[in-house]
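Okay, so here's just one chain, in structure tokens, the form predicted alone.
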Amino acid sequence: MATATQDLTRFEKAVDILDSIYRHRQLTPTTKADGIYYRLILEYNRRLLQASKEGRQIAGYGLMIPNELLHAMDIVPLHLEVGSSLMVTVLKLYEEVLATAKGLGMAVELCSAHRTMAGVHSQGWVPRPDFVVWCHTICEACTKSGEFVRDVWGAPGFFLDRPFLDTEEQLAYFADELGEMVAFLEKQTGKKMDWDRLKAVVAESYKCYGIQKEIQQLRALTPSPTYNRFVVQNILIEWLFGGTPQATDFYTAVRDEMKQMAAEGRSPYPEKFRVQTIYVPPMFSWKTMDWLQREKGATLVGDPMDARWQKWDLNPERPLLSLARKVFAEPHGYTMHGPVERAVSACVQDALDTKAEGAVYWAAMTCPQGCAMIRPVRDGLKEKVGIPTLIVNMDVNDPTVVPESEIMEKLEGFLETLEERK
């Protein structure tokens, strides 16, 4: 495989557009948290661009990699899945990038998020990672995509072996694996880990976790003081800024705004339906979240696979073990990795806690593990909560599979069903 040649023309254009979006938000402000979100997304990409120009080291990292280790060592992070998807979404390069992936021999049945990653990195459209760290979830694509990015850039790589369960024995093993990752980072950077700084970063991450637990409880109130757009923003801020004061600032602003609305007994828009959202919504159709709430009165009160944390125990003197525990407590970590019973239990309990009247399952058609959970989750919600589930077939990064208009039509029909049940 030929090594990619970096061409940041498109990345620079994406940063310019993000800057324009942020400036527009400043001129027409919505909420403080919303403003912080767009500022952070802009700063994240600007930092990558600046690091590339200055020759600072950049680490490519994938899902389930605790980025606290990168922040503690002052390594500039490039999230493999999110970084590629954001650029393609901003520039609307879906067809071109996915066609590139097809030309590389990647079948359309493969997750479009990973095909997007392959298309973007193979053409050198993002800052070159100096080294790559990835691991396996239950998703085979994560394993192969990390290898692909490593090979296409000719960069050193480290594969983090994550165990399947979170028994004490396996957590200890995972902590040792994280120690091996630290050794790899030290070798690549020529710097030693500052363990006191890592403890501070993990403590910041734990503080943020506590705020997110508060947000989860606030969302369950009636009416729910939450914006539907938070569903997407919540995922990206955790994946990009976990363990940083920036993440804490964002979630603090979200919590405080929700507390204010709760004190006033209101939702951002009149609440007619209480709906649980399951799995990742399509990247190309975030405005659908707004449409549901503003025009249809449907508030997304529960989000078990993206926002419902398990209990996370912090050991201040053992930061690696604490991070191992965090990975399994994080919503995607325990629902997507399996066993499937955990996902069913999380969805059922979340629906009960939030008094959801129905659920929307975003069925990414190219995601084997996501689609494998549809039947048990739907049956669990029907049998134990008594609510219906709408299965929305779509592809996360490919609007040609199921267009936005068709998605909205299905959602509208589902809300009519919920109306009839009242």
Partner chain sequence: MPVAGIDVGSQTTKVVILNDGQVVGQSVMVSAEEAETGARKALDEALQQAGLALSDLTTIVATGAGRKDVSFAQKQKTSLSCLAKGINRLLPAVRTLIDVGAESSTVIRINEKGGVDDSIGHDRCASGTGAFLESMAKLMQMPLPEMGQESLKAQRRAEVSSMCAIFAEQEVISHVHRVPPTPKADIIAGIHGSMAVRIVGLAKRIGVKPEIALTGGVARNVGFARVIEEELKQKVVVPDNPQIVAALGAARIAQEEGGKQ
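In this text, all values refer to a predicted model and were calculated from it rather than measured experimentally. Numbering follows the first chain given and starts at 1.
Here the subject shifts to the form predicted together with the partner chain, a form of this protein not shown in this document.
Q.
Residues R255, K259 and P270 are flagged as a possible site; in the predicted complex, is every one of them within 4.5 Å of the partner chain by some non-hydrogen atom?
A. No, none of R255, K259 and P270 comes within 4.5 Å of the partner chain in the predicted complex.
Q) Could you tell me if E406 has a non-hydrogen atom within 4.5 Å of the partner chain in the predicted complex? A) Result yes; E406 sits at the interface with the partner chain in the predicted complex.
Q | in the predicted complex, A372 touching the partner chain (heavy atom, 4.5 Å) | A | Contact with the partner chain, no.
Q. Going by a heavy atom distance of 4.5 Å, is V401 a contact of the partner chain in the predicted complex?
A. It does: once the partner chain is placed as it appears in the predicted complex, V401 has a heavy atom within 4.5 Å of it.
(Q) Within 4.5 Å, heavy atoms only: does P388 come near the partner chain in the predicted complex? (A) Close contact exists here: in the predicted complex, P388 approaches the partner chain to within 4.5 Å, heavy atoms only.
Q) Which of these residues, Q57, Q50, T30, N393, gets a heavy atom within 4.5 Å of the partner chain in the predicted complex? A) Looking at Q57, Q50, T30, N393 one by one, just N393 meets the 4.5 Å heavy-atom criterion.
Q) Out of the stretches listed (393-401, 22-30, 41-49, 66-74), which one is close to the partner chain in the predicted complex, meaning heavy atoms within 4.5 Å? A) Partner-contacting stretch among the options: 393-401.
Q. For the stretch 342-365, which residues lie within 4.5 Å of the partner chain in the predicted complex by non-hydrogen atom distance?
A. Only a single residue, M365, comes within 4.5 Å of the partner.
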